[in-house]
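Given next, in structure tokens, is a single chain: the form predicted alone.
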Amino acid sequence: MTRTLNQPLGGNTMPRFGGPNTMMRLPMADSAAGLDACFLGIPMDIGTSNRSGTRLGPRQIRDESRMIRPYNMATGAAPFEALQVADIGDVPINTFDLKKSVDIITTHYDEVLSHGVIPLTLGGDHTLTWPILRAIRKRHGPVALIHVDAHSDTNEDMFGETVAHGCPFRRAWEDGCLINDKVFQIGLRGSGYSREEFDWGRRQGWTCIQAEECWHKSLTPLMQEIRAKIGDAPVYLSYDIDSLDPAFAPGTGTVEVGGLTTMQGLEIIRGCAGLNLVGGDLVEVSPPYDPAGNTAVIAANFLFEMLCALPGVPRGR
């Protein structure tokens, strides 16, 4: 029997400023059962170290996603022709306890992943990627990682705490979540306390690509190299919006000058098509620092591009 696939609510059916506040105005689902891919939010900023506000990120990303149409005119990708997709709401974190929230997130994703779905997460501060990767490992084993960020997020601790948005990939490494020779960090930059901040990952066998290596060039060739190195391994894509230069995305908590452009961000995400993507997230959108909403607009479009890059999505060009 042919199944009826969910479609985003069109702008000619309901004005863009009306309708449900879901990702792309998709139907809301109570669980991931029966879905191929899903959007879900983690409204959290209790792991941040500088400017707070990412707890408001998922809500504004959803709001700004209302302009996105179902076909990708650049790549020909048509995700809603092949995948059953819905918005399954937010993870009910404990906003007064970061460590409890980490366990809540892992338990929540255990249930989501039990349905064989590919989750795309709206953040929320970057602490959340570690508990997601713990659940991903249970389902898929260790995964390759494409991590786009201004910061390596491999701190041993922050203020003596091992759970924070500067530590998720150190914790994921400790938990055996990553395939070390298939980890790629793109866009690292800014000042630090020592070279250790970028070199720790390199010592584990990770490929750490600083922003200066990306200036004034297309990143399409880089993504060709990364696809070849990853092969058919399961891959998780974690995209921190502060990877972009603050000229594009000021609405984040820890801005660094000299970042990627939105075009390079698109090249990275579109360059993931053909990989065995098993999940992705877009994190660190902090609406209070961008009243115009442009940061959330970019985030919403990048999440749509992630959906377009998933396995099984037809691409017409």
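The structure displayed is predicted, hence computed values, not measured ones. Residue indices: 1-based, along the sequence shown.
Just so you know, the form predicted together with a further copy of the same chain exists too; it's not on screen, but the next bit is about it.
Contact check in the predicted bound form: 68, 216 and 292 versus a further copy of the same chain, with a cutoff of 4.5 Å between any heavy atoms. Do all three pass? So, yes: the whole triplet contacts a further copy of the same chain.
Just to be sure I understand the contacts: of 144, 136, 164, 223, which is the one whose heavy atoms reach within 4.5 angstroms of a further copy of the same chain in the predicted bound form? Comparing distances to a further copy of the same chain in the predicted bound form, the residue within 4.5 Å is 164.
So a further copy of the same chain isn't shown here. In the predicted bound form, which residue out of 269, 46, 32, 278 has a non-hydrogen atom within 4.5 Å of it? Result of the distance check: 46.
Would residue 151 sit within 4.5 Å of a further copy of the same chain in the predicted bound form, counting heavy atoms only? Yes - in the predicted bound form, heavy atoms of residue 151 and a further copy of the same chain come within 4.5 Å of each other.
If you check in the predicted bound form, is residue 195 within 4.5 Å of a further copy of the same chain, heavy atoms only? Yes, residue 195 lies within 4.5 Å of a further copy of the same chain in the predicted bound form.
Residue-level contact is defined here as any heavy atom of the residue lying within 4.5 Å of a further copy of the same chain in the predicted bound form; does residue 102 satisfy this criterion? Looking in the predicted bound form, residue contacts with a further copy of the same chain do not include residue 102, since no heavy atom lies within 4.5 Å.
Considering non-hydrogen atoms and a 4.5 Å limit, does a further copy of the same chain approach residue 212 in the predicted bound form? Flag for residue 212 set to yes.
Which is the contacting stretch out of 226-234, 68-76, 174-182, 113-121, given heavy atoms within 4.5 Å of a further copy of the same chain in the predicted bound form? Checking each option against the 4.5 Å cut-off leaves 68-76.
Heavy atom within 4.5 Å of a further copy of the same chain in the predicted bound form: which residues of 71-104 qualify? Residues within 4.5 Å: 71, 72, 73, 74, 90, 91, 92, 93, 94, 95, 96, 97, 98, 99, 100.
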